[in-house]
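One chain is shown next in structure tokens, namely the form predicted on its own.
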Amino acid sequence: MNLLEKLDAAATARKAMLPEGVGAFGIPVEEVYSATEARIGERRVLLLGTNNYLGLTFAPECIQAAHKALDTEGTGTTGSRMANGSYHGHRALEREFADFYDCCAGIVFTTGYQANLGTISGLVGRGDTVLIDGDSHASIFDGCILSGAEIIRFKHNDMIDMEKRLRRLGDRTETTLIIVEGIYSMLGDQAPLADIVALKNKYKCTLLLDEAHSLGVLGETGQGLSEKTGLQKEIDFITGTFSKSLCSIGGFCVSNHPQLDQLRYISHPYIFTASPSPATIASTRAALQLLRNGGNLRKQLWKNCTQLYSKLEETGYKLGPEPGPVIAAVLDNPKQALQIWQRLLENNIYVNLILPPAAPDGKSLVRCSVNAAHTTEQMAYVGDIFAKLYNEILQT
């Protein structure tokens, strides 16, 4: 096949899973009314397909900060961080992230994807090894590919399999980077961080923890799994994104290793990408302060998570192993998942549809993202519709 024929083959495979006329991916959101509601087509829908975990997208503090930055600094930097793109706000946000995690250094990237791409490819290279969880995000896998290091996967959250692979590496463990996530984006489960740290220390590896989905969600001040477990000092590098609990776009890496600053001179995704706009940086700085003081938001978020998870579990859905802001109903095949997704939309509920190969183990997912702005009544309505569809689709 030539290059264009390969794209035709991919389109054919996609159409085999999605009937003609059903556009489940990239649906245009015509209007956004709040952190929980929007308009899709002519429908006013309840949003359960965003990563807006603390519900801060319309926070006045963030909007006002962005407006001020637009007025005083313009729409964009028009340059990379290595050139003219390091404004006062960029450096201030880096210091604020380092302070938040009680680390000596921090770097801000233009996207969360690039935070992993740039950090991983800067830390390891040819002759090194990366040991990653089998359910790792694409940005982690792509960062490993870019680095040229040998990539070894272990079974998802399986510490026996992880240690088996570490033993096989022998002396190479000292040039091995272990990469795990605080909360995994498909099923919403958490990494067994204490066990991972124990293995990291036993085999003298380096550990990177991606807190993308756990930032703002776990821990007393919202640092993530590192804070929840009290293992902050055991983690060498922490990456994360602005596009979830911080309701913006961008990414970061923090560390207590002073060598982190050298990534500015060797990391291509950092060097050759235009820096985030001043408005983006300003709104993120405001959101980070709200996140740090957002204990009540986290309590409400977990109340909502537990309510919906319990309802779906009671109904009979197969779910991830624990409640959290990501709640995924696991379906045996794409047809079932598509039916439920489409019927939810007909009932004015927007969720995410995840099909193979993105979904683990060849299954399909209908994935809900819960946030702190959802009400008890909204969670009850969503749970009731899921129960109705379970009886109508999965019990027939």
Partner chain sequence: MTNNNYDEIIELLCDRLGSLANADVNITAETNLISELSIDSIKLLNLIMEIEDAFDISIPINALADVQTVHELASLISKIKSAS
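Owing to the predicted nature of the structure, the values given are computational and were not obtained by experimental measurement. Numbering follows the first chain given and starts at 1.
Not on display, but discussed next: the form predicted together with the partner chain.
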The one option of 167, 95, 88, 299 with any heavy atom within 4.5 Å of the partner chain in the predicted complex is 167
Of 153, 318, 228, 257, the only residue with a heavy atom within 4.5 Å of the partner chain in the predicted complex is 153
Contact stretch among 55-63, 31-39, 323-331, 354-362 - heavy atom within 4.5 Å of the partner chain in the predicted complex: 354-362
Report whether the minimum heavy atom distance between residue 141 and the partner chain in the predicted complex is within 4.5 Å. yes
Indicate whether residue 149 is a 4.5 Å heavy atom neighbour of the partner chain in the predicted complex. yes
If you apply a 4.5 angstroms heavy atom cut-off, which residues in 63-95 are near the partner chain in the predicted complex? none
